[in-house]
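To begin, one chain is listed below as structure tokens, in the form predicted alone.
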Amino acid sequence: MAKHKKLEDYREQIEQCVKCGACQAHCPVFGEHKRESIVARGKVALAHALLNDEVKLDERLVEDMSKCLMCASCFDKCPNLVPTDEIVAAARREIADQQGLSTFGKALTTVIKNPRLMNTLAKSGKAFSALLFKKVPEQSGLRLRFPLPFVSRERSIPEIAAKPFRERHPEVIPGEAGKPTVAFFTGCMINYMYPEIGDALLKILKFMGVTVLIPGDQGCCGLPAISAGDSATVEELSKRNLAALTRRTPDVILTACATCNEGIGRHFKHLEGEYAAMAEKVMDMNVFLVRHGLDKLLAELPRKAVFQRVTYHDPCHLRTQGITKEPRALLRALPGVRFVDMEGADRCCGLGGTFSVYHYDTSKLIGARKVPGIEQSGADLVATACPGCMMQLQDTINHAGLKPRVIHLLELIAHDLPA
């Protein structure tokens, strides 16, 4: 397996940054703080200075490098395609190598690389949820937690599933002869917090006649460890997922989480040999469903007399891959949905994984910028295709006192399919 690139490996790309400042208009964090060292060109300049021994890994530099959502919005708009998100990840690995992981980073990576520990914590959390959590509001399906390590007491989070998704289903669900075989990479949030998303996907794939593999030994996609700078954990998880997802020979490895798609897709493409080959099979569920004509099948269903007004939020890890038309095609085809696009649909929600833990106040400010678009859309539901975005958007809606509920696109599709 190829090792992760060092910061030195990015020297050429770092020196391609012409400091034009185009990134300023697209960096959600700079939009809130207006500080040069936070925007992409500022971080690239810091990385360059670090390589040339012009600055040291002091507290201020570590803080500035932590203020990145790794949404790749800057890379998406950069005229020279400088991969700032990868450069920041390499800088964080450099920081972790020299200074060790933060307390939160250690706790996080210890849990995500240990499935038994994760299962135990999830089941314990569920067992004690009545004591630990306070429900707010009733219709949201979310809970406001009492003080727990690392997480703000203001943060709304989903309820923990009574039983993880992967424990509720067999590893092989046969489909029809001649139809594709897909391996479903569930990710942590669908497995432990949003199993209903996985159930919805299974209903849809059954409707399409697809054979589904749900490898029980798959692990976290590794993106939280990449964000924390823990390359050893990333490599351990990559090996585990490669073994789990290639044990059989699926035609496609399907993700229903934009972040997981980034974790086992784009990240694996950076690795050599069998990892890159596996990544070629990774596909977001929106792309798969449209490629196999589900939008056309939905459009042929009888229209319903009662509609739900639905808008859509673009997860950054899909938007920056150009996956924006497919979810809208599916929503427009649904017989029980009246789709309305909202202003700022492509604006980051502010989660950024560990970013929202380290910088929750900034995360909330970024999320609040979604509120006017949601209100003006008049939507009953805000659909998206990333469980992490769902959690952040519902938190934003709760703080703003709005009525819309956040839902995964797959749940809407499954609801409108024939029984």
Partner chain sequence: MDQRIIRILQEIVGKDQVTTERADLICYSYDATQQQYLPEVVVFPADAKQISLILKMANAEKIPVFPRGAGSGFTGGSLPTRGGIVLVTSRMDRILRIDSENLVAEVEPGVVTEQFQQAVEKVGLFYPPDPASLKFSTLGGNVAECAGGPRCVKYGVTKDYILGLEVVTPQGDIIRTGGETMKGVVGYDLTKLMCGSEGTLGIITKIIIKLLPLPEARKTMLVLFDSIDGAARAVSAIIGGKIIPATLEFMDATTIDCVRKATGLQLPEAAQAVLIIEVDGEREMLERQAQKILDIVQPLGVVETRVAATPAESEDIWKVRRLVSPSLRKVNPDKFNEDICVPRSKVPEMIRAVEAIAKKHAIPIVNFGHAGDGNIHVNVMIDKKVPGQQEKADQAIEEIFAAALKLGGTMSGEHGVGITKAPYIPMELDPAAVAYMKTIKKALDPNNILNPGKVLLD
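Numbering follows the first chain given and starts at 1. Keep in mind that what you see is a predicted model, and the values were worked out from it rather than measured.
Another form exists, predicted in complex with the partner chain; not displayed. Remarks below refer to it.
Chemist: Can you work out which of Asp199, Glu236, Glu171, Glu343 has a heavy atom no more than 4.5 Å from the partner chain in the predicted bound form?
Modeler: Contact with the partner chain in the predicted bound form is made by Glu343 alone.
Chemist: Taking heavy atoms and a 4.5 Å cut-off, does Gly401 contact the partner chain in the predicted bound form?
Modeler: No.
Chemist: So in the predicted bound form, does any heavy atom of Pro79 sit within 4.5 Å of the partner chain?
Modeler: Answer yes; at least one heavy atom of Pro79 falls within 4.5 Å of the partner chain in the predicted bound form.
Chemist: Quick check on Glu375: any heavy atom within 4.5 Å of the partner chain in the predicted bound form?
Modeler: Close contact is absent here: in the predicted bound form, Glu375 is far from the partner chain, nothing within 4.5 Å, heavy atoms only.
Chemist: With heavy atoms only and a cut-off of 4.5 Å, decide whether Ile407 touches the partner chain in the predicted bound form.
Modeler: So Ile407 does not count as contacting the partner chain.
Chemist: Only one of 31-39, 66-74, 381-389, 358-366 has heavy atoms within 4.5 Å of the partner chain in the predicted bound form; I'd like to know which.
Modeler: In short, 31-39.
Chemist: If the criterion is a non-hydrogen atom within 4.5 angstroms, does every one of Ala177, Val182 and Ile253 touch the partner chain in the predicted bound form?
Modeler: No: no residue has a heavy atom within 4.5 Å of the partner.
Chemist: Which residues from 15-31 come close to the partner chain in the predicted bound form, meaning a heavy atom within 4.5 Å?
Modeler: Stretch hits, in order: Gln16, Cys17, Val18, Lys19, Cys20, Gly21, Ala22, Gln24, Ala25, His26.
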